[in-house]
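Have a look below at one chain only, the form predicted on its own, in structure tokens format.
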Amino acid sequence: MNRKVLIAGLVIVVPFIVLLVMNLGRDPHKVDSPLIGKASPPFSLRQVGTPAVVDIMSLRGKPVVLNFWATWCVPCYAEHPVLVAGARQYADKAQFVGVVYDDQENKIVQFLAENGSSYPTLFDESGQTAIAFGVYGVPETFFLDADGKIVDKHVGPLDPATLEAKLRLAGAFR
């Protein structure tokens, strides 16, 4: 084998192997969003099944739980009752909002009719809001403080204890 080819191959392959080994133990759920500590990206989206539009700026004044989900997402089914119960339990402390993207409105309406809801669900038809938040999968939930600043992000389905802890970070219990 040609020695130059071997050396060139090692120069190319070794850095990739080093990167792989360095990142093998990382949990993708633990990657912080670059938006944490910054103001929420602005958006106005139509509420599912109605012509009403909700603007994120109109929700300032109390913390916001902003949950990105879809009807085809199996973990979203498990998470939905936690969010519905949380929205009822913490109605005086935080505003819950669902944002559905990469889905069909008739399926969303059917899902909500079958599974109930206690907070507005918005339809991100173009997916631009999900892109602005850097959503790469569902469910993903952002926690905003009363001023609209993103204080935390949770990837995966929420459980009641995690929901309460994240609401504390957002200032819901002050």
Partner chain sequence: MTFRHTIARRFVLALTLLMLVLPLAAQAPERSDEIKSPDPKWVVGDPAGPPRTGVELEKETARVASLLRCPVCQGLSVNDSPATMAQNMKRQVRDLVAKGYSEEQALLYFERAYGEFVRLEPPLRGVNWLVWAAPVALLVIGGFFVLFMMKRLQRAPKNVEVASVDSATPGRDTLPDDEHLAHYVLRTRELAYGWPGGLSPASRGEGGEESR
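Numbering follows the first chain given and starts at 1. Since the model is a prediction, treat every value here as computed from it, not as a measurement.
FYI, the form predicted together with the partner chain isn't displayed, but the following is about it.
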query = residue 141 near the partner chain in the predicted complex, any heavy atom under 4.5 Å?
reply = no
query = Does the partner chain come within 4.5 Å of any heavy atom of residue 82 in the predicted complex?
reply = no
inquiry  = Given that the partner chain is not shown alongside this chain, does residue 55 nevertheless sit within 4.5 Å of it in the predicted complex, heavy atom to heavy atom?
reply    = yes
ask   = Is there a non-hydrogen atom of residue 59 within 4.5 angstroms of a non-hydrogen atom of the partner chain in the predicted complex?
value = yes
task = May I ask you to list the residues of 140-163 that have any heavy atom within 4.5 angstroms of the partner chain in the predicted complex, in sequence order?
result = none
